[in-house]
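In the form predicted alone, a lone chain appears below as structure tokens.
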């Protein structure tokens, strides 16, 4: 197939992503990839799509199909989608033809949505991936966020083996395993898992700062260490006592203590929590985290 899309409106931090650029952290390049991997997979199943997606944020996206046809699958968060002005249910899929317009606008919940097509987005792979890392200016379209006026070409691509459908919606605290430096907070650990925090408005693909209204970390003093490797989900405590959760475009190393790490099974759910949301944490064992990752209770 072949087709092309014209972006007519793009919200902040709209990027092209695929599953991620793995194995490059030793070279200072994080994996990037979708902030909500389960939603990325769902949109792909709906469209029978090859790897690659447009990841949108709460401001949404508008585009027009310049040449087609193509199939669009969309999922992630709770957005509003209109096809040629008519409202359609989210998540879902649509068959599009030349001249069709799609408008995605904010819905009641979620930070990230995914638009996947039955054709491959024709951008060059860098280090084995098309995922945009805007911090390193790699991947996607010229290593940058998408903007109005950008054109994306869709070409033939083989759909991957379909991943298992995700489990049902999980509620309750965000589960963590204790981090490498948890013992530096002996008087704080119990409060960390018994006191709610809030998602701040300072969030992006690199990290999410948490508000600490109860002052859990107000008296912490050991807040600077020799830098070592960090991973998505690590919860660092900055020099002023602010907790920050590292996300998909995290820096390769960090010099602040990490009290805990959000488990992979809950990182998608955390990424979709909007500013102002209360967030509570609960500790689990590494073995239990592995069971959850394998889809076991």
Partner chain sequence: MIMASDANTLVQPTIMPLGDGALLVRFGDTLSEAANSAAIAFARSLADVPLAGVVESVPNLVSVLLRYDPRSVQLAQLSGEVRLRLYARDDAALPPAAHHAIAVTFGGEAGPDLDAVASSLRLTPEAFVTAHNASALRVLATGFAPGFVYCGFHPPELQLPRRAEVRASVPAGSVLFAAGQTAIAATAIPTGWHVIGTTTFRNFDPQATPPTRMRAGDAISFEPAP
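Bear in mind the structure is a predicted one, so any value in this text is a computation, not a measurement. Residue numbers count along the first chain shown, from 1.
Just so you know, the form predicted in complex with its partner chain exists too; it's not on screen, but the next bit is about it.
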Q. Which one, 176 to 184, 80 to 88, 99 to 107, 201 to 209, holds residues whose non-hydrogen atoms are within 4.5 Å of its partner chain in the model of the complex?
A. 176 to 184
Q: Consider the chain as shown here, without its partner, and state which of 247, 70, 263, 46 has a heavy atom within 4.5 Å of its partner chain in the model of the complex.
A: 263
Q.
By the heavy atom within 4.5 Å rule, which residue out of 24, 19, 16, 273 makes contact with its partner chain in the model of the complex?
A. 24
Q: Answer for residue 234 alone: is it within 4.5 Å of its partner chain in the model of the complex, judged on heavy atom distances?
A: yes
Q: Although its partner chain is absent from this view, report whether residue 147 comes within 4.5 Å of it in the model of the complex, heavy atoms only.
A: no
Q | Interface membership of residue 65, its partner chain in the model of the complex, 4.5 Å heavy atom rule | A | no
Q) Taking the shortest heavy atom distance, is residue 239 within 4.5 Å of its partner chain in the model of the complex? A) no
Q: Could you run down 117 to 147 and flag each residue that has a heavy atom within 4.5 Å of its partner chain in the model of the complex?
A: 126, 127, 136, 138
